[in-house]
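Take a look at this one chain, the form predicted on its own, written out in structure tokens.
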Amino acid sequence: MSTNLSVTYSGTRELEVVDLPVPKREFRGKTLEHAVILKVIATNICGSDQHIYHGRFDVPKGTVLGHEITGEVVEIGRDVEMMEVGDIVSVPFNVSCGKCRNCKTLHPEICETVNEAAPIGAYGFDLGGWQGGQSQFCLVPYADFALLKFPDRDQALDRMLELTYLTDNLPTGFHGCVSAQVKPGSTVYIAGAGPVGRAAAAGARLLGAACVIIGDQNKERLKVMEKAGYETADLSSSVPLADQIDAILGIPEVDCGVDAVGYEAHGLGEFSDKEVPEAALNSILEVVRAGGAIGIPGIYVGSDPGSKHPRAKDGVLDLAIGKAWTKSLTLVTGMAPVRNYSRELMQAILWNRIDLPAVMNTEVIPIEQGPDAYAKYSAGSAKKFVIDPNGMLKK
């Protein structure tokens, strides 16, 4: 009988499912009385995990992957006051203390205390040493501050295939829209129809956008969005993006832009088969109107060891910054502060104000199939893979 089956990193495009001990409330030799142990109910494979899988973000071999975690509390520390054993909770992918200057000013995504190397912590990356949650059990520190407790256990289990997206995809996409100043009547272009881009599209509708256009080179992903009622732009087409937007709106520009791609972007049109790290962001700089705003939840890094571009290896990109300056554009970068949005987005799900099943295209898999799902995602699958490590999901 397994103890704690976990998806672990062995090398570029090499993952293993191994049986590890159930984690203790300990970290680097210290007992964490502010922590809980979760029995994981759902843990998803994210595009950010793909950066690790592709060798584009270094993590030590043996790292347990995964930062999208929803689970049941099975053990609590002495200092945990707001949680009880049996609670069903959503875990923001940001590891944050709730006590530092940044956390107190609503910036838990840049917590100052959880990573000695930089003001950024996350599960399943080499960002403070916190192990991921693609496992049967996981450790979550600072539980009272970080965790979102669902109000009704049975309701949470019934809606888990929607609530699971509160850990990252939905608040990240939504944050991109908020950063882009999406409001009622806005026209929005979203670069990338992966899970974050699809969640951003749903988030733009929740904010009242009049028209949401989502662009990608993957025709299967675009079909998912077309079926859900969104406008699409085929970035593999020889028709320039601005012309495709013009054909939809009657003008070649939008009010707001969201970059849901990041640094593994490919070029447009005839260059769609070539990696061009700055392509997604430059395309948005071109089509957002003067005075508009751009949210950039897509990841850009200071070091990209797998890049074929010498400058990009050091996180330096060739951005059309002059165009952004002359158009007086607002650009907002960085990870989403998930806990700032999670409660309101939970309510939007529970009161049926946002249609995630239509856009996320979910496939539930057992944890043993985790490595195979990573490979399918890498090959361009339009599915969003949700791992069911303990057989608790209602399919």
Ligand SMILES: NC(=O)c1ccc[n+]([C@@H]2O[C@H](COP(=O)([O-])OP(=O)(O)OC[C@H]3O[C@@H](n4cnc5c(N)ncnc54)[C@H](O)[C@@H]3O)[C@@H](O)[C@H]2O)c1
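Numbering starts at 1 and follows the sequence shown. Just so we're clear, the structure is a prediction, and the values are computed from it rather than from any experiment.
We do not show the form predicted together with the ligand, though everything after this point is about it.
- Stretch-level contact check against the ligand in the model of the complex with heavy atoms at 4.5 Å: of 47 to 55, 362 to 370, 34 to 42, 339 to 347, the positive one is 47 to 55.
- Contact check for residue 191: a heavy atom falls within 4.5 Å of the ligand in the model of the complex.
- The shortest heavy atom separation between residue 149 and the ligand in the model of the complex exceeds 4.5 Å.
- In the model of the complex, the ligand lies farther than 4.5 Å from every heavy atom of residue 183.
- Taking the partner from elsewhere, residue 260 is found to have a heavy atom lying within 4.5 Å of the ligand in the model of the complex.
- Each of 217, 297 and 335 is positioned with at least one heavy atom within 4.5 Å of the ligand in the model of the complex.
- In summary, among the residues 235, 201, 163, 111, the only one with a non-hydrogen atom within 4.5 Å of the ligand in the model of the complex is 235.
- Of the residues given (132, 195, 71, 121), 195 alone sits with a heavy atom within 4.5 Å of the ligand in the model of the complex.
- In sequence order, 279, 280 are the residues of 278 to 295 having a heavy atom within 4.5 Å of the ligand in the model of the complex; the partner itself is omitted from this view.
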